[in-house]
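Below you'll find only one chain, the form predicted alone, shown as structure tokens.
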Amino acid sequence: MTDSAAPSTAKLTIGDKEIELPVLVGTEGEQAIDIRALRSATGAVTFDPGLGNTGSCESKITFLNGEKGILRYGGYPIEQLAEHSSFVEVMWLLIHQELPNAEQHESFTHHVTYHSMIHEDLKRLFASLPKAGHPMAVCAAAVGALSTYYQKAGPQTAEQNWIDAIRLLAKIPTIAAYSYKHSIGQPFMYPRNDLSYAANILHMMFATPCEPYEVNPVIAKALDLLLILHADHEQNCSTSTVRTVGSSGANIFASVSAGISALWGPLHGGANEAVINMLESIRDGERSAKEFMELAKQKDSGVRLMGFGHRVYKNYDPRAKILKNACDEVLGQLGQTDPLLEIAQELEQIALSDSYFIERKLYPNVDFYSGIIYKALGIPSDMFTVFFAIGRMPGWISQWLESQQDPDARITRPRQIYQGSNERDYKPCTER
């Protein structure tokens, strides 16, 4: 860490007591007041619902500046990685905070490819679940069940953790594809070692034993881009969940299973599915895009604008910029026109020229355009969040591994401000 011109301590006054707290400074100049001694020194705790102003850890993985619209993995701008890198390479980068050399890339790609099969007995888990069940619930269950097949998993040696990380990265596409095949009643397709990571996912999703299936390279490339953009995003809800569960000593499979469940929420990873539902409601409804946006400004209208604004970004989400350009390119290469894209572009134009949205900094986020691309690739809407989970997997894993190596890590245990009844005596039921 660098100290630069930042103060080394901060003074806090509570009543007639004044204490000094250390100030931590990140490599990008972020400042944090270290309050670890606050409760023991004063008896007070901080109150921060949603933890939006609380740093829960120090990390070397991802840098995010919401005011300037900056996102970097291991120091590399997301724009450069989206243009030049691959998802498999980004996996290595997030875990090691360095890009792999040629030998490392070849070896890592081999391991991620050749560990993609799941135990045959695990396939029975899919058969035991309702076909109408959401694929995210199925994926969470299957990833959690991996703990029963790899019982040595846990916060143990670096070697064991690495083996389990490889297993998760390799098997999540198979688990995701099997969750889809189960939902539509088609036979499972085994992974193929001759295909790239993205192409293998598409093959397992859409191929059948009846006839050969050739993966469209345009679709595979677009999917690889989406996975890169989803790969990590600092201490978001699902990532914090993975770290929190891992802080208890839970193994990587249990921790990531919890992260999948957190991602499923419509305010987190489920937002891209909600965007498509919103666009379809405008397309199929009586109100125009302009009328929809007017209603979205009214709190009591029941209309909610999805895919705009972000908890961290107060500027244009850099991932949304990349996907906006990718939308036109992918649809053009596939020879498709999509009225939903036209509606989305109209909503964006209105938002960027309306003072209501400008003042509130409601710019399009990554969910706004990702759903449109997923739809163009033929991905069913209930699988959007599953693909988000595939993309976020290396981020969860790298965050879990980092937390296990952190000498200052403790089991997560937030405090609360109690607002219930004061002490009172118990009375028998007949006297109440």
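Counting begins at 1, following the sequence as shown. None of these values were measured; they are calculated from a predicted model. Basically, rigid core = biggest C-alpha set you can superpose within 1.5 Å across the two forms.
There is also a form predicted together with a small molecule; it is not shown, and the following applies to it.
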Contact with the small molecule in the model of the complex for A250, defined as at least one heavy atom pair within 4.5 Å: yes or no?
no
Looking in the model of the complex, any heavy atom of H96 within 4.5 Å of the small molecule?
no
Would you please decide whether S398 lies within 4.5 angstroms of the small molecule in the model of the complex, comparing each non-hydrogen atom pair?
no
Partner contact for N365 in the model of the complex: the small molecule, 4.5 angstroms, heavy atom:
yes
The one residue among P135, G307, P173, G246 placing a heavy atom within 4.5 Å of the small molecule in the model of the complex is G307
None of K299, K152, K131, H84 but one has a heavy atom within 4.5 Å of the small molecule in the model of the complex; the exception is K299
The stretch from 353-361, 338-346, 158-166, 119-127 that lies within 4.5 Å of the small molecule in the model of the complex, judged by heavy atoms, is 353-361
In the model of the complex, do A199, H203 and V218 all put a heavy atom within 4.5 Å of the small molecule?
no
Does the distance between the two CA positions of S355 reach 2 Å or more between this form and the one not shown, the core being superposed?
yes
